[in-house]
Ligand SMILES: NC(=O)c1ccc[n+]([C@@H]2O[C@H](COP(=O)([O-])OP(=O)(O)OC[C@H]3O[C@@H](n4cnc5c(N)ncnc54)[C@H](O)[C@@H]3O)[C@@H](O)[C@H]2O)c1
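One chain is shown next in structure tokens, namely the form predicted on its own.
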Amino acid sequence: MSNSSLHILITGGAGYIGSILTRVLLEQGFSVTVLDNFMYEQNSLLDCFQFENFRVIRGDCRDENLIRQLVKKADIVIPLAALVGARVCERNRVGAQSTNLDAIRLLCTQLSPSQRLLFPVTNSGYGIGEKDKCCTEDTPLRPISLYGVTKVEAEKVVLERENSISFRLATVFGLSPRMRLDLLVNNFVWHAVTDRAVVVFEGHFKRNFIHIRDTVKVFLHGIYQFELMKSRPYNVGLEDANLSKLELCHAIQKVIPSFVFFESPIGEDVDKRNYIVSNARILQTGFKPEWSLERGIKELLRGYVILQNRFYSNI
């Protein structure tokens, strides 16, 4: 079956990841429909209208009648619509539950067994890992934030339908038409460029990282390798980027020598996850990330020349 005969539905397709993924899928020849409520007033998909096999629906992923109509024509569904991050979920707990979990339950009830679902999850579901021990896909999930809880529960629903893949994404970084400055690497580099300094809270906390272009690449990989990969979760991150916040600061300082950072002796981070992750399972399927942390930092440094405000955020 050729790509041109496959129709992909993306909810939240005008967001940080979706804005790049949509364009890449169209370039690959797929027909793409995006459902988005445009809550951030973004215009990140305007360049996609050059493709005649692209359309946008302004609406809500929680609208049962709308979802029922849209899934009828979809061969593949990628539900990106979510409230992403611990802070934004705490500020809107009802929205986090209804968007991150209830909307996924609704979607799964409307899909036929033959339709394919590729679902992004967060590896923050691992919560607080064991010291010096990598979290694998078989590690018990112990989310410590509402965001993590809703995404972990949604992943259970997705994997129970079998014809699905879940990607447990590391913290994503890099430039996007719908930019986010609140993500850790993006945020620290922004401060390095604009303030030349950052104050770090609980700097020993570790997490894994992945560039946004490799995040998009893994969805393509999942589409093309679906039969091999289906019905399983996959950690998606850089094997050499299990870093503490202070280690991340040192990595940024290598690229931006004028950057200074301080660890505060008081104060706490709202997002208390702390773990290291093994990405061996996804690598065994033939997936290879292309973007190193250093390359992504340099990309941000160049791109931030054109950003003059701080509204690129989820919080």
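In this text, residue numbers run from 1 along the sequence as written. This one's a predicted model, so the numbers in the text were calculated from it and none came from an experiment.
Same protein, other form: the form predicted together with this ligand, not shown, and the subject of what follows.
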query	finding
Option from 223 to 231, 191 to 199, 135 to 143, 177 to 185 whose residues, in the predicted bound form, bring a heavy atom within 4.5 Å of this ligand	177 to 185
In the predicted bound form, Ala14 touching this ligand (heavy atom, 4.5 Å)	yes
His211: touches this ligand in the predicted bound form, heavy atom cutoff 4.5 angstroms	no
4.5 Å heavy atom contact, Ser164 and this ligand in the predicted bound form	no
Heavy atom of Ala280 within 4.5 Å of this ligand in the predicted bound form	no
Contact at Tyr40, Ala81 and Tyr147 by this ligand in the predicted bound form, all three, heavy atom at most 4.5 Å	yes
Of Leu117, Ala86, Ala170, Val216, the one that lies within 4.5 Å of this ligand in the predicted bound form (heavy atoms)	Ala170
Listed residue (Leu238, Val121, Leu101, Val77) with a non-hydrogen atom within 4.5 angstroms of this ligand in the predicted bound form	Val121
Within 42 to 72, the residues that have a heavy atom no more than 4.5 Å from this ligand in the predicted bound form	Gln42, Gly59, Asp60, Cys61, Arg62
